[in-house]
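Only one chain is included here, represented as structure tokens and corresponding to the form predicted alone.
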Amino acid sequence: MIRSITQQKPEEELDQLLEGLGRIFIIGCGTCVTLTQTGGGPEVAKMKEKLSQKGKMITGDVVVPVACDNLTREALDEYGGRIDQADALLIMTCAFGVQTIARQMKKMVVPALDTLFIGKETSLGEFNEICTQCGTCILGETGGICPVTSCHKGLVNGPCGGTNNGKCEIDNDKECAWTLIYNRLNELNRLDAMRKLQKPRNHQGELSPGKWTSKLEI
């Protein structure tokens, strides 16, 4: 299961963002942030209570099914009046959800969360980053294991001199990414691929802001 991984902003930062805004409407999301327990129903309720104790007036709150999609007509009909009463919308979703709601609503939006990465659930409640979407994929040379996300140093040529018995020097409990790559390529009889020197990562692999158009004929 792939999710946007988020964490709540520090309280001090959130207080600064909400300074001078007395009437707040809170919006959570029923997908990623519900699963990571950063912006679902319980978290929205806690935020509502916390802000009320700080003297904010909460005009209303809602947990939309998918914040990445536009707010539905039904949601706007039900909560539009309370949204209109608010000075700002406090958005407890990933950055994509914040931007989607901002484009749709003529209201000041304040993000309550920081979006960390796109992750895959590897065990109950644990998510590991699987792709930074860097635009310069070398999975074909590394046996399908991404060193950018699997290696703490993001090395595209490895291993480094700190690997110790297949473990990472930064995290002794973590398998060295380049040891995993070596073992995978060895199993596939493709060790020669490790002899290829990868160019330094292109941090501008895609134009910013990114844009992609399908080549399919419509």
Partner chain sequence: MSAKTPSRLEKILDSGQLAVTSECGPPRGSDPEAITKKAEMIKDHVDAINITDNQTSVTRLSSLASCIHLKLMGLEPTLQMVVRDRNRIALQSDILGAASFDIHNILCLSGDHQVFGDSSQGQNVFDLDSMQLIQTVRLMRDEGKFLGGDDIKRPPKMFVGAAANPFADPFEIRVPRLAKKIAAGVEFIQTQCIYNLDKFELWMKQARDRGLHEKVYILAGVTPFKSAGMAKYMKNRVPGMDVPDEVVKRMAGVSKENQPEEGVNICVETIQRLKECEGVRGFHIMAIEWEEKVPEIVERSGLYPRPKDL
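Numbering follows the first chain given and starts at 1. If you're wondering where the values come from, they're calculated on a predicted model, not measured in any experiment.
Although it is not shown, the form predicted in complex with its partner chain is what the next lines describe.
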Taking 4.5 Å between heavy atoms as the contact cutoff, choose which of D69, E175, E169, D61 touches its partner chain in the model of the complex. E169
H152, V156 and R195 all contacting its partner chain in the model of the complex, non-hydrogen atom within 4.5 Å: yes
With heavy atoms only and a cut-off of 4.5 Å, decide whether N189 touches its partner chain in the model of the complex. no
Quick one: does L51 come within 4.5 Å of its partner chain in the model of the complex, counting heavy atoms only? no
Tell me, yes or no, whether R201 is in contact with its partner chain in the model of the complex, where a contact means a heavy atom of each within 4.5 Å. yes
For Q37, is any heavy atom within 4.5 Å of its partner chain in the model of the complex, or not? no
Sort through 61-69, 42-50, 158-166, 28-36 and report the only stretch with a non-hydrogen atom within 4.5 Å of its partner chain in the model of the complex. 158-166
